[in-house]
Ligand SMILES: Cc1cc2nc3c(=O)[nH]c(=O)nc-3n(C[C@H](O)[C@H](O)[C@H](O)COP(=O)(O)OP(=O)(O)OC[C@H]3O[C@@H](n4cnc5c(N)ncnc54)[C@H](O)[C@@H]3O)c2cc1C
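Presented as structure tokens, the chain that follows is alone, the form predicted on its own.
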Amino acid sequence: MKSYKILPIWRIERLKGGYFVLWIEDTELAAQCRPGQFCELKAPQGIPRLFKPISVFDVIQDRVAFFIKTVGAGTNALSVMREGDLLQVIGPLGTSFPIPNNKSIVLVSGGVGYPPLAFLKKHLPSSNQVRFLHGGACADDVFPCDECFTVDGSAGIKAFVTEGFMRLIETRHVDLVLSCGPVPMLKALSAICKANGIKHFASLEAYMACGVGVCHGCAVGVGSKGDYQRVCVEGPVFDADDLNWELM
């Protein structure tokens, strides 16, 4: 159940490359968050802009973490906040990833698609075999995973993460792919999965004006009949086979 709250920031962890982790403390919110869901966050003062949709990165007891990259006015306003400052929060919002058992699973993330999959990995039962692949532009975009890829070769393997996934499925059976990242990556991944008969659920990133399904600004094409669904309500996690990638 989503709710609007004004909460104090418990901790901010500064990372490399403009990334930071922002923690808030709220028992009710922490109990409700599931992997793949997000919250709308807004610094109460400083900029007259809308909320920013940010994926849940972690939950530890009654604390909720958001892993954020400073890329614009909204995230910059969040980045300059301090511990104890008040933050506007709506959430948790959206759909969550499926939690299967006894599957060979590959998690694939790109850039700021990393946080929801890192959270998901913690929740997958031990009966699954899980491999986590992550890709970024450079070393600043790489975080703990099983195998990383960078475009400039400054960390891990110099390649797109989708290339790494193709090499992986040549040697390993995969039942299910769970992914999050930029649309071109997800689109390529979806094509690979479809060609190899692998089930795929993708979490979409989208600009959201409201985050609660009112404005329809984040709608994406589904099916082949020109239908649309909202990333903020029917997503962000979709069965990749249901998405109309040609309309992305």
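Residue positions are given as counts along the sequence shown, with the first one as 1. Note that this is a predicted model, so its numbers are computed, not measured.
Omitted from view is the form predicted in complex with this ligand, to which the following refers.
Residues placing heavy atoms within 4.5 Å of this ligand in the model of the complex fall in a single listed stretch, namely 109-117, out of 109-117, 166-174, 128-136, 150-158. For the options A73, V80, I99, L86, the one in contact with this ligand in the model of the complex, meaning a heavy atom within 4.5 Å, is A73. Of the listed positions (A206, I192, V222, V59), a single one reaches within 4.5 angstroms of this ligand by any non-hydrogen atom in the model of the complex, namely A206. Under a 4.5 angstroms non-hydrogen atom cutoff, this ligand in the model of the complex has I54 among its neighbouring residues. Although the partner is absent here, I68 sits close enough that one of its heavy atoms falls within 4.5 Å of this ligand in the model of the complex. Contacts between stretch 221-240 and this ligand, counted in the model of the complex as any heavy atom lying within 4.5 Å, involve P236 alone.
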